[in-house]
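One chain follows as structure tokens, the form predicted alone.
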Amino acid sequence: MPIEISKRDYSLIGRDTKLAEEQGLASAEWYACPISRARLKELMQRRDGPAIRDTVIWFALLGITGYLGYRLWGSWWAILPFAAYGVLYGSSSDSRWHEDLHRTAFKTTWMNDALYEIGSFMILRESVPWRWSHTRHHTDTIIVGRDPEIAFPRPPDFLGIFLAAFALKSGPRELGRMCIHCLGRLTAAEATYIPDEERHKVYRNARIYVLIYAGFIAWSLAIHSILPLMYVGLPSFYGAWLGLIYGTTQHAGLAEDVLDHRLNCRTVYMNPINRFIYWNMNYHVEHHMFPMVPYHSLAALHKELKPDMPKPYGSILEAYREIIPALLRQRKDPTYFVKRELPARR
């Protein structure tokens, strides 16, 4: 007998919002793996050094690839440096944005905030709304009706996933929100989690973003070339694909409405290059369980928690061997999800 497909309400103001509250899933207490307070405090120590080093390398790579793209502009060879520039701009900015949002990358607060603003602009995520959105994501991770950042609702939207490879779904949506914010308004969902005292910052920043984009568009029109937009604006789209590959491993196909991050997040082993681009967000269970541990300490946290964790995935490919069949099955059976095997209680 065929399974009837019924869509849940993933909005923040719908029937599943009320249901999550009634079931005690909203702002609930989550499971945490055992770790000594002293060791956790040690791992939570913030340092400027690692993030300064990695940020200097990141900006240097952006500068080198951008310069090579300029020198080779007009030939097919320009595709190679701009492909690298795009990934550094449109994908690597995601992890920098994320870590600085938590204010854990650097010990110095203004460094976190400065890089967060830069990353927000690069990845088309306005800094103030997304700070509050991501706070809710950590409070109610993959709780339907509460989490505003569920990227893979059931049944999955395969066209949307394809468009996300080049930010063709999220990009226009975010630009639309910027225009709404420029008019001094919020969306109905944003009004549920952005405090009144923060809203003027939303409107101010949106106007700054739009002015910058307008300036680069005007520059391109004036010189009759898209070259300026290849550095600002377009890389948010043509460089987004690797961020999607990484981000899909985080939660796709896993359980909804559970209060254990081991069941709705993945830890995936990656090589040093991917870990640099992704800033160790491949240790995603650990990050959600203890979000105040800096990215440079997540590998050490992983070793501490490993005995109480599900088996980590050995590679991105191994993770996708599970994700793709799960999403295909969810298209026909939205109730299906991957059940992670937890270790026996010690």
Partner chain sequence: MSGPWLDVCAPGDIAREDVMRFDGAGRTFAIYRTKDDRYYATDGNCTHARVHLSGGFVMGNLIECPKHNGRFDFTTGEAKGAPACTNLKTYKVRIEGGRLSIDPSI
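These numbers come from a predicted model, not from an experiment. Positions refer to the first chain, counted from 1.
There is another form of the same protein, the form predicted together with its partner chain; it is not shown, and what comes next is about it.
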Checklist entry - Tell me, which of Y320, W30, F59, Y70 has a heavy atom within 4.5 angstroms of its partner chain in the predicted bound form? => result W30
Item to check | in the predicted bound form, the one of A299, I35, M44, A26 near its partner chain [non-hydrogen atom within 4.5 angstroms] | outcome: M44
Checklist entry - What stretch, of 244 to 252, 162 to 170, 206 to 214, 135 to 143, brings heavy atoms to within 4.5 Å of its partner chain in the predicted bound form? => result 135 to 143
Item to check | Heavy atom of each of R103, R131 and P291 within 4.5 Å of its partner chain in the predicted bound form | outcome: yes
Checklist entry - Do T109 and its partner chain share at least one heavy atom pair within 4.5 Å in the predicted bound form? => result yes
Next on the checklist: So in the predicted bound form, is its partner chain close enough to E198 to count as touching (4.5 Å, heavy atoms)?
Outcome noted: yes
